[in-house]
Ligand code: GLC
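Below sits a lone chain in structure tokens, taken as the form predicted alone.
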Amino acid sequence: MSLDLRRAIALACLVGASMTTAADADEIVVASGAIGTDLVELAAQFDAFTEQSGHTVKLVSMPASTSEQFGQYRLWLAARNPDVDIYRTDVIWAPQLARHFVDLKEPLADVIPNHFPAIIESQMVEGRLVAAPMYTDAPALYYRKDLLEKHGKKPPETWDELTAIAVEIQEKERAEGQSQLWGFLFQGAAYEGLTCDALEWIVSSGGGKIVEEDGSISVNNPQAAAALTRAQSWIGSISPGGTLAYKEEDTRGVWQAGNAVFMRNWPYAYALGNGTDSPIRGKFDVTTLPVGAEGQSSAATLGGWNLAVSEYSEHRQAAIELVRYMTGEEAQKYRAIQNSRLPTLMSLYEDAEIAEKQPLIPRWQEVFLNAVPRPSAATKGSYNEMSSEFWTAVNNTLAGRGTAEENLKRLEARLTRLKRDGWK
């Protein structure tokens, strides 16, 4: 461990004027989902925190599905469960769970200005900072640069170009014996990840944001229907039929085995794809997601993960110390280098070591700063129900259970009933 890391942890663990002693050390319980090597990363950082603070940390591993995580969190918090001190939260959950979390604005006042203001703002609810950012997220289009160069292609700028290139390279490579190769991988299962993917298709095609900032329901329109119809055409053609059940790790598994030309995924897959044991190491690159047509803007869904301290924690001060460390500079730098996680601290985008080891990160600052947020602020406590209705309609369309037009019309009616006289 570096001297700077030891100093940062030591400073983060000071309470008043003295360090925690063995007599008053706490066990802090953290609930977190995982993707890729998250659990290994968290365990290493918890051990470093324990070494300096004296507090121990216990990890409660949650399901990989963010939808399942949220459901369990809501049950525990509604029961005022004191057994979990810290929850790792998705960027969209702040409005829905805010009343259960400690306001971190005062305890972290000295470090809040170090983060990108928009990221801090995303976790503010009625003037309270309900969660502190660990890292932000915005997806990329991964592409096999070796295959594109072989077939004389450039990275696609539109979804139609992606489709045409994927078809051509898939057919030619299969004819040469690469029978397992697919053109394009994405997350098509009926869960929150599909909301992210489909929001990108629709926004980049000029079809609105499902629910607009003023709360109006906009999803039932010709541009949105055309975007979903295009995506449905990929299933069984350039995307495997199993896409209807694919989540992030399913797509990464196929991609990293060398069996795809393109993939939509989050930045964590960049570090794993370039791992020493990866068959595609050095063979791929990333670019921004395509647009629906010339003149439209690329749309990347804003993601990111945060740490929130439970109002019902019996170890509140120790929990805040851990949050301060896990969202601080050394922890974020470790995460960036090890797993290509996008830092929320402005200074790290000028860090030479990060730029050398994970060149995606400095390239992606502009992407996440212009990323499209899901309509959680507009739909308030109804977001998860709204998103569930949306991803169900999209999954039905991908599976051929009704046309995009039919499913969007039904979706509009369902969302109108959910909204009633206003989102709550």
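One-based numbering along the sequence shown. Quick caveat, the model's predicted, so the values are computed rather than measured.
Missing here is the form predicted together with the named molecule; even so, the following discussion is about that form.
Student: Is the gap between residue 55 and the named molecule in the predicted complex 4.5 Å or less for some heavy atom pair?
Tutor: Because no heavy atom of residue 55 falls inside 4.5 Å of the named molecule in the predicted complex, the answer is no.
Student: At 4.5 Å between heavy atoms, is residue 91 in contact with the named molecule in the predicted complex?
Tutor: Answer yes; at least one heavy atom of residue 91 falls within 4.5 Å of the named molecule in the predicted complex.
Student: State yes or no: in the predicted complex, is some non-hydrogen atom of residue 305 no more than 4.5 angstroms from a non-hydrogen atom of the named molecule?
Tutor: Flag for residue 305 set to yes.
Student: State yes or no: in the predicted complex, is some non-hydrogen atom of residue 270 no more than 4.5 angstroms from a non-hydrogen atom of the named molecule?
Tutor: No.
Student: In the predicted complex, which of the listed residues (234, 246, 266, 201) lies with a heavy atom within 4.5 Å of the named molecule?
Tutor: In short, 266.
Student: Name the single residue among 173, 321, 351, 137 that comes within 4.5 Å of the named molecule in the predicted complex, judging by heavy atoms.
Tutor: Contact residue from the list: 137.
Student: For the chain shown here without its partner, which stretch in 188 to 196, 153 to 161, 237 to 245, 103 to 111 has non-hydrogen atoms within 4.5 angstroms of the named molecule in the predicted complex?
Tutor: The contacting stretch here is 188 to 196.
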